[in-house]
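Listed next as structure tokens is one chain, alone, in the form predicted alone.
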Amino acid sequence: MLRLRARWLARIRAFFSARDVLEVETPTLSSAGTTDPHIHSFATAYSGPGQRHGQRLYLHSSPEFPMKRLLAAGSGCIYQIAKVFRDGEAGRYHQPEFTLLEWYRVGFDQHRLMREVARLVQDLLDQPSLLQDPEYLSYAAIFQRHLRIDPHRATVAQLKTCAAAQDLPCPPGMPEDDVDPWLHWLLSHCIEPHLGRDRLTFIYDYPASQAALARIRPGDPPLADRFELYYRGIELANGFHELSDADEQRRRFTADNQRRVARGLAPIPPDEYLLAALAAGLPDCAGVALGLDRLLMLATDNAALEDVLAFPLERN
């Protein structure tokens, strides 16, 4: 497994070198954590000399924010192979420490980046069955195909009825005024297991309410320029046509923290360095984060992440 991982790292570097994409490193410790209420950062405090003594620091859950600062400073297309950390995540497909491959392509939109992601993954997996064209489906299309509902216009009552029709029990604490948790619940239990069964499957055009760090495309309904990659029912990558509006990004950070407080979680200070970089000017670009450990798990027909890691949490 170590040898295969080493060969993959060499192939990844060759892939990006051939495309003139620069490898970078960014800090693992940050003064700002993620405001996303679904992701929990590990936190510590600096105890050394200087004005920052006692400052709260976070292990990054993604290298996205500092990489965007590099983009705004004129780095051009960049990638990074990074160890990232998320508290409260352990299980078959989750570890509190894992490896992300994250890259940003200046001048790309989500569709062009999806095609590049497919080429890289096909190259790493090297399986004849994956040489066929990937499948590209909209978020609306997968809900129509598997559940016969329009996810962009469905109400909570309709989604609740849909879950009951699928014999899917309602988990405690589900809101009555927010469709997104219901959509996530139906997606994870009724749709994801069917995605990417025999080829790579990309899902794109997510609801605007699930944009995260993606641009929102106006329309009826407005849509997020976001995509995810699935293979054998497992999500492998999450990508965006990146938001470059600093004011909108601040509004999203504020909304995240409001949701955190409503759930009894502590608010996280927004990354002011990122906001300043966006205000200075982020080039038009698309970015994606790919979970290398999950991909390695699928490539070797293993059942859990711990099977492909030298030191998973259980043996660390």
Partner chain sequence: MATYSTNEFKSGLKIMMDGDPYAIVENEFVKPGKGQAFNRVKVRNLKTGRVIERTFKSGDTVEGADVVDTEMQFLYSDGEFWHFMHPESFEQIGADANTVGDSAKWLKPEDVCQLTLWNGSPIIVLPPNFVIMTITETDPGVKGDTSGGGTKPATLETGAIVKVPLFVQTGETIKVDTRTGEYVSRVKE
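Positions refer to the first chain, counted from 1. No experiment lies behind these values; they were computed from the predicted model shown.
There is another form of this protein, the form predicted in complex with the partner chain, and it is not shown here; the text below is about that form.
Contact here is defined as any heavy atom lying within 4.5 Å of the partner chain in the predicted complex, and by that definition each of 38, 89 and 169 is a contact residue. Judged by heavy atoms within 4.5 Å of the partner chain in the predicted complex, the contact stretch among the candidates 111-119, 97-105, 150-158, 228-236 is 228-236. Using a 4.5 angstroms threshold between heavy atoms, residue 185 counts as touching the partner chain in the predicted complex.
Among residues of the shown chain, residue 173 is one whose heavy atoms approach the partner chain to within 4.5 Å in the predicted complex. None of the heavy atoms of residue 75 is located within 4.5 Å of the partner chain in the predicted complex. Within 4.5 Å of some heavy atom of the partner chain in the predicted complex lies at least one heavy atom of residue 206. Checking 83, 189, 194, 145 for any heavy atom within 4.5 Å of the partner chain in the predicted complex turns up a single hit: 189.
Shown without its partner, this chain lists 138, 201, 210, 244 as candidates; in the predicted complex, only 210 has a non-hydrogen atom within 4.5 angstroms of the partner chain.
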